[in-house]
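Read the single chain below, which is given as C-alpha cells and is the form predicted on its own.
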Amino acid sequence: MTHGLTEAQFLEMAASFLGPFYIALAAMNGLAAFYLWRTNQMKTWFKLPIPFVGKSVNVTNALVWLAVGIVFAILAAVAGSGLASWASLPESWREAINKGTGPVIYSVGTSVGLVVLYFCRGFFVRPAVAWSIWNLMWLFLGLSMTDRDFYEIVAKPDNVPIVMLVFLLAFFTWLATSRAVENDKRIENGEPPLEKLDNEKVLVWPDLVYIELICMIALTAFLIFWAIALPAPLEEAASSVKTPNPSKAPWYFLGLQEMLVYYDPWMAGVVLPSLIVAGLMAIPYIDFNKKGNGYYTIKERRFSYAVFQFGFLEMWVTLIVLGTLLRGPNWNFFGPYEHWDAHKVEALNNVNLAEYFWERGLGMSLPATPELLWLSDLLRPFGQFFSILFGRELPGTLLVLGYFVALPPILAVFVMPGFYKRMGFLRFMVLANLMLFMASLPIKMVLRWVFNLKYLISIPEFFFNF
C-alpha cells in the first residue's frame, strides 16, 4: 500500500485521511456539547481558577467537550498543513506498546481487563467516562495512523471493517451494560426495569416497515460510497506456487485459525466449533434462572453474563483482533507498530508434556511402546493406542482425566453446590464440561507462551494430540 513511497509522500497520504477524520471528531464533540447545553445536562466537571482574580468558574460538561472539539479541530489543521508527523505518538510510547502486546501480556492482560470492566462497570458506564474513553480510542487511532507500519495494517481494505466493528462493539457493549446497570439500580429500589415502562405498541405497518425502509436506503447509500472509497480487496488467482504470507482466513474465522496454533486440526476445526454450537443449543435446557427475560440485567444473571462476556469478548473478539493486527508473516507475533519482516524467525522449541515429565523431570528416555503381537490384527491398533495413552503419555492422560472427570464433582460439591442442587446431575455435568472446554483454550495459550508446552497428550502414531 505504501511501498515505494517516501516518508513525505506517506505523510501526505495519511494527512488526506487525518484531516477529515479529526474534523469529524471535532463535529462529534461539538454536537455533544450542543446537546448537553440544550438539554440542560451540564453537570459540573471541575472548577477552573481565574488568575489574579482569586475566583473559580464551574466548568461544565458542555464546555469540556467543546474544548475537546477545538483540540480535534487544531489537530485537523495540523494534519492538513503537512505537519502530520507532529500529531503522532512518541517513539518511546510505540516501542512500549510493541513490547506490551506480546502473546503472554495480551492473553493475560485482556482477561484481567475484562475482570476490571466487570467489577467496575458502574464507573465505566457513566456517560462522561464512556465518552472520554470513546474519544481516547479515536484519538489513539488518529495518532497511530502516522506510523507507516500501523497504517499498512489498519488501512488495508480487508481490515477497515474489522476496525469499525471493534468501535461498534465497544459502543453497543456500553449501551447494553449501562442499561443493565440502570435496571439493577431500579430493581434494588423496588422499581420496575426500564423495559417495563415502555408498553407502547408499535404497528408493523407503517411504523416498523417505514423505519426499515429508511434504514435499507441509508445502508445501501453507505455501501455505495464505501465501494467507491475503498478498492475491493481482490488478489490474483490462487496458485500453489505463490501463497500469501501470512495466509489468513476471513475475519470471522480468524479465531478458529488462532486455535489451530494450540490444538490439532480435528480439535480446533471440528470438536471445539461443534461444542460451541452444541453449547448454544443447550442453553435453554440448562438455564434454570427465569429472571432477566425481556430486560437487561447483570445482578440477576451474574453467572450467565460473565460466561457469555468471557466467551464472546475474550475468546472470540480478542482472537479476531489478535489474528488481524498482531499476527504477521510466518504467523509470528508483531507489535502494532512493528514492521512485518518476512525474514523474522522465532525459534520456539515447543515440548510435549511427556518429554517434560520423563526426560527433563525423571532424566530417563520415553517409555517404549510394546508390540502387542498377542492381539488380533483387528484389536492391535486399539491396544497400541491405549498402551501409549497409559504408558508414554500417562502424565498427560492423568492430567486431562483429572481436569474433565475429577474437576466437575469438585465444582459441584465445593464451588457451585447451589447450581448442582437446582440443576441436577446431568445438566450440571453438561454445564461443567462445556465450561472446562471453554477454559482449556486460554489455559493452553498461557502454557504455550510461558512454558513452550505443545501438547498435553501427543500420539502422532494415531494423529491424536491434545
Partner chain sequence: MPGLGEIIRESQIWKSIFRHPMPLDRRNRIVVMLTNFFLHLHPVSIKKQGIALSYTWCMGGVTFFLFLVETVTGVLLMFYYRPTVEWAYTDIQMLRDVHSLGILREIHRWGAHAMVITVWLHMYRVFLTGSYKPPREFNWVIGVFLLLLTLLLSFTGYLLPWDQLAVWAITVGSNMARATPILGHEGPGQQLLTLGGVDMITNASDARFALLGAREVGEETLNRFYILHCIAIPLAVALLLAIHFWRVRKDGGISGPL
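Residue numbers count along the first chain shown, from 1. The shown structure was predicted, so the numbers you read here are calculated from the model rather than taken from an experiment.
This next part talks about the form predicted together with its partner chain, which is not shown.
By the criterion of a heavy atom within 4.5 Å, residue 330 is excluded from the residues contacting its partner chain in the predicted complex.
When contacts are judged by a 4.5 Å heavy atom cut-off, residue 295 counts as touching its partner chain in the predicted complex. With a 4.5 Å cutoff on heavy atoms, residue 86 does not count as touching its partner chain in the predicted complex; it lies far away. Residue 201 belongs to the set of residues with a heavy atom inside 4.5 Å of its partner chain in the predicted complex.
Interface residue among 93, 382, 374, 390, judged by heavy atoms within 4.5 Å of its partner chain in the predicted complex: 382. Of the listed positions (364, 137, 165, 115), a single one reaches within 4.5 angstroms of its partner chain by any non-hydrogen atom in the predicted complex, namely 165.
Only one of 321 to 329, 355 to 363, 295 to 303, 118 to 126 places residue heavy atoms within 4.5 angstroms of its partner chain in the predicted complex, namely 295 to 303. In the predicted complex, 215, 216, 219, 220, 223, 224, 226, 227, 228, 230, 231, 232, 233, 234, 235, 236, 237, 238, 239, 240, 242, 243, 244 are the residues of 215 to 246 with at least one heavy atom within 4.5 Å of its partner chain, listed from first to last.
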